[in-house]
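One chain is shown next in structure tokens, namely the form predicted alone.
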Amino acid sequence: MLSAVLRRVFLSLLTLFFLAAFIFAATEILPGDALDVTLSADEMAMMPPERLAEMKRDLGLDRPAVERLGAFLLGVAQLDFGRTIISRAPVVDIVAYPLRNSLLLAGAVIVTALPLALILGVSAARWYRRPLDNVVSTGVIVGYSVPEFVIGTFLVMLFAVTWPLFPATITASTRDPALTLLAAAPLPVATILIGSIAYLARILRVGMVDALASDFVERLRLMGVPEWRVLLLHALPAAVVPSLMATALYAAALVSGIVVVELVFAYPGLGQELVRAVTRREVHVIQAIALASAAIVVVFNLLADLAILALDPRTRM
């Protein structure tokens, strides 16, 4: 068990290393640099070449790519992503609060979606191919198929325009307390929640249907085990194990994949900060956000692996 855990931790760290190198290379191939955005075309034309070279040297833009890659990896190991090119502010300070806000939004969705998806998935599997299952399956397909920006627009029209119960955009600022931010974000949470419940309920329903059709469940029923014990104590753990990886990856993707929702509702998360950084060509901020998103996916994947190791002894080999 310990060797399997250590092996997965090592592979996760190795994955993060290669991801960091890939993110650096991906941002390096972008055309131009920060000076192209900071300075206008007239300023670039009027500026002496010596002054332009001096500015590039001060910003570290004249160093070879390999040297900058080594400095980037060393900084990542120390959780130091440098400073922004334009304002010279620490990148960690720029990214910290948007990352917290995106984690808050994703956490609120996950905490709400998991129990609801559990109830829907188990209920649909229990009454497989019956009216309840048909209703749940249809709702799940519709909820998962409709794009989030369509759901968000519909909720704004319904609950911010027709019935003005909630604000159409976020009124809280980036550095507000967590509870203040969540209290101002019921519509973004609801927008992501619909698709999340649909996705998770669909995965759990498939696992529960397979578990309830297995031989060991049939033997339990023949032995007279109560149905609720069969469902909750035997079939559900068997259904959860194959669903853990997909659920963990989906939860991680919520943090880095809700850019559209954040932009629709002006939510101060990583999505807005990433768009702002791309517009300003702030390479260090882009790298920090991309690596933070990748690290979240790797960590969730590792947690799912460890949970599967704990629940299924066969995987320890």
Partner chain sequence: MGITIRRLLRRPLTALGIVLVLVHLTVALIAPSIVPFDPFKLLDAPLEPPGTTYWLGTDELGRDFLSRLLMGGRIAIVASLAAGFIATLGGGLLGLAMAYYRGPFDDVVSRIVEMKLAIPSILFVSLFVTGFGQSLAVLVFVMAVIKMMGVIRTVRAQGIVLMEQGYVKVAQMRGEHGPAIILREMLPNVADLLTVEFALRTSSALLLVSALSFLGLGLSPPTPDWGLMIHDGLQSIRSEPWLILAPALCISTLVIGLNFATEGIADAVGLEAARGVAGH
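Note that the structure is a prediction, hence the values are computed from the model and not measured. Residue numbers count along the first chain shown, from 1. Just so we're on the same page, rigid core means the largest C-alpha set that superposes within 1.5 Å between forms.
The protein also exists as the form predicted together with the partner chain; that form is not presented, and the subsequent description refers to it.
Of the candidate stretches 140-148, 107-115, 89-97, 68-76, only 140-148 contains residues with a heavy atom within 4.5 Å of the partner chain in the predicted complex. Taking the partner from elsewhere, L165 is found to have every heavy atom lying beyond 4.5 Å of the partner chain in the predicted complex.
Although the partner is absent here, I203 sits close enough that one of its heavy atoms falls within 4.5 Å of the partner chain in the predicted complex. Though the partner is left out of this view, V161 does reach within 4.5 Å of the partner chain in the predicted complex, counting heavy atoms only.
Of the heavy atoms in M157, some are within 4.5 Å of the partner chain in the predicted complex. For the marked spot (I119, V122 and L193), a heavy atom within 4.5 Å of the partner chain in the predicted complex is absent from each of the three residues.
Along 285-302, these residues reach a heavy atom to within 4.5 Å of the partner chain in the predicted complex: I286, I289, A290, S293, A294, V297, V298. Core-superposed comparison between the shown form and the other one: the CA of S243 stays below a 2 Å shift.
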